[in-house]
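Here's a solo chain for you in structure tokens, the form predicted alone.
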Amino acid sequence: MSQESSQPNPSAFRPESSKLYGEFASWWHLLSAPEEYEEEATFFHQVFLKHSKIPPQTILELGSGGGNNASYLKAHFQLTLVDLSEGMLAASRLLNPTCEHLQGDMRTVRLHRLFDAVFIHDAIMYMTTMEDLQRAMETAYVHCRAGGMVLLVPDCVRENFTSTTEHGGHDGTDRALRYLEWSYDPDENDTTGVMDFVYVLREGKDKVWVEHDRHIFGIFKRADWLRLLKEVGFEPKIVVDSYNRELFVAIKPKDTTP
């Protein structure tokens, strides 16, 4: 594996150019299996029902990835799934063939349609600057119906970020994957952190190789999340889930125009 700089360069990193969302997108469900999402998807379902001011029927998911959350939420809502990576959309189409899939960047996509709710799971972590985070929130706002809600699910805020190491993976019918994930923050004075992934991939009985993949993610203060949501036009609040994550529920006021 080649040596890479230890300092993140958010301007040079684009999620769709990573190995995970590019050349290895078809391996996604061996890294992150749909069955691992049932508990949190059930929680998200209840959040939509509890906090929306209108009965939610249609949901736009931005940064929908391989469609793991959608595989559960589609039983309750009509979903439109948007992701920047065509490879991840292809993986999701296999899992969720009845859902609408569209390619787009959460910072800029405009579908010229309104939805009862907008959902952004941990893909929101790829917003590495305050400007990008606000642009994603603006996209959510212009697609959200008045009285509807937006649910943002970052892995962390600045106040509760900790360095972590995780591992896992699954076996498929003719291939398998194992991974090591190391998340850390080289500079607490900026708004980014680093996730270094090491993948061990196996095809057939004995073809095994190792890949390194670096991802840059955003880390923002709790107050900045709330401030930006208010500036965009939402009425935000925080909901804590069973993983101790702070989720941002943002209501679009009923008296506002689309």
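All residue numbers refer to positions in the sequence shown, first residue = 1. Computed from a predicted model, the values in this text were never measured in an experiment.
Here the subject shifts to the form predicted in complex with a small molecule, a form of this protein not shown in this document.
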- Query: Closest heavy atom of His121 to the small molecule in the predicted complex, within 4.5 Å or not?
  - Reply: yes
- Although the small molecule is absent from this view, report whether Met88 comes within 4.5 Å of it in the predicted complex, heavy atoms only. yes
- Is there a heavy atom of Tyr21 no more than 4.5 Å from a heavy atom of the small molecule in the predicted complex? yes
- Are any of the heavy atoms in Gly63 no more than 4.5 Å from a heavy atom of the small molecule in the predicted complex? yes
- Which of these residues, Leu151, Leu177, Met127, Cys144, gets a heavy atom within 4.5 Å of the small molecule in the predicted complex? Met127
- Of Ala117, Leu79, Cys156, Met106, which one comes within 4.5 Å of the small molecule in the predicted complex, counting heavy atoms only? Met106
- Task: Pick the stretch from 64-72, 51-59, 202-210, 219-227 whose residues have a heavy atom within 4.5 Å of the small molecule in the predicted complex.
- Result: 64-72
